[in-house]
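Here we start with a single chain on its own, the form predicted on its own, put down as C-alpha cells.
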C-alpha cells in the first residue's frame, strides 16, 4: 500500500481510522483491474463509529460506481455515516448518474476521498458536496501516488500518447535469458500468473522481433482476470519477416494483431498475412523503427495503453526515447552466468553509466510483492 495511507495521523489531518478506511477503499478498487478500463479503479467504504457498514468497488465499465454500489446496500442506514472513496466522487452524468447526488440523497454526513478527479468535467465533486453541507476531506496524498494506483487513467488525462509499461523477468545478474537463443523460464508459476493478470489491464501487448522469433508467444491474457476487452498483440517487424503461422496472429477471441514494419515491407507483409493481422508502416531510424511514430500510430488505432514484454534491445530503446511510464521487474533468484542476454544492454559506443542513467529518478510508489520465489518491483518514472 502506498506510504500516505500508513501509520499515524499525518499532515492531511486524518485520524488513523480514516486512513485505514481509505486504505481499504484503495484495496477494494484494485478488484476492478481489467474490467473497468477506460474508467478508473475505485473502491468505497461506508462506516460509522469505526465500524464498516458497507463496501464496494467499481466492478464493470458502464456499471454502478463504487460509491453508489456501497450506498445501495444500506438504504436509510447510510444516513449520518462517513463515506470513504479512493477517488473524488464524480459530479457529472455519464453512463451512470453523478455519485455526488447519490451521496447527498443518502444523507451521508462526511466524505473522505484520496485522489482528486483529473478531468475538468468530472471533477468538482468534493466542492459540490461541501456547498450542500456535507463535510469533505480530500484529496489526501500526492498526485504521483494517485497515479500509481490508476496509471493509465491519470496518464490519459494529461497525454495523447499511449501509456507504456515495460515488463522484464530479470535474474540476479541482470539477464533476461541465457545466450544462444535458448528459451527458459526465469520466474516461477506464480509470477507468470501475475503477468497474465497484468496483461488484462492493457489495450495491447507488444514484443520486438527477437522475442516473437525466439518464443512465438500468444500475447493474450489467460489468467484469473478475463479482460473486458482483450488486448491486441503488437509485433515489431522492421524487415518484414513475420510468418502467418505465428500464434499471436490466430485472432483468438476475435482480436486482430498489429504487425508494425518499415514502409518498404508493407506490401509483402500484407500479401503474406492476408487478414491475419493489421499491417502498420512506421519509419525506420538508425536504431530500428521510430518508436515515437509507433506510439502515434497505435494511438490512432485506439490503443491507450501498451504492455511491452521485451526484449532487451527494445526495452533499452523505449527507455532511451523516454517512452516508458512504468517498469514491472520480476526478479528471480537465479544466476544466468556468462553470455546471458542483458536486461538493459549496452550498445556499441555507449558507456555503462549511460545505461544506468536511463533509470535515474525512477521511484517505487507501490510495495514489492512476492510471487512464489520471485519478487515484483514496480517503478514509475519520476517527474
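Numbering follows the first chain given and starts at 1. Remember, it's a predicted structure, so these values are computed and weren't measured experimentally.
Keep in mind that the form predicted together with a small molecule is not shown, yet the notes after this line are about it.
**Q** Using a 4.5 Å cut on heavy atoms, which of 222, 92, 192, 287 is close to the small molecule in the model of the complex?
**A** By the 4.5 Å heavy-atom cutoff, the listed residue in contact is 92.
**Q** Is residue 40 close enough to the small molecule in the model of the complex to count, meaning some heavy atom within 4.5 Å?
**A** Result yes; residue 40 sits at the interface with the small molecule in the model of the complex.
**Q** Does any part of residue 129 reach within 4.5 Å of the small molecule in the model of the complex? Heavy atoms only, please.
**A** Outside the cut-off, so no.
**Q** Just checking whether residue 45 would be counted as a contact of the small molecule in the model of the complex - the rule being heavy atoms within 4.5 angstroms.
**A** No, residue 45 is distant from the partner.
**Q** Wondering, does residue 70 line up within 4.5 Å of the small molecule in the model of the complex on heavy atoms?
**A** Looking in the model of the complex, residue contacts with the small molecule do not include residue 70, since no heavy atom lies within 4.5 Å.
**Q** Specify the contacting stretch among 253-261, 80-88, 268-276, 293-301, defined as having any heavy atom within 4.5 Å of the small molecule in the model of the complex.
**A** It is 80-88 that comes within 4.5 Å of the partner.
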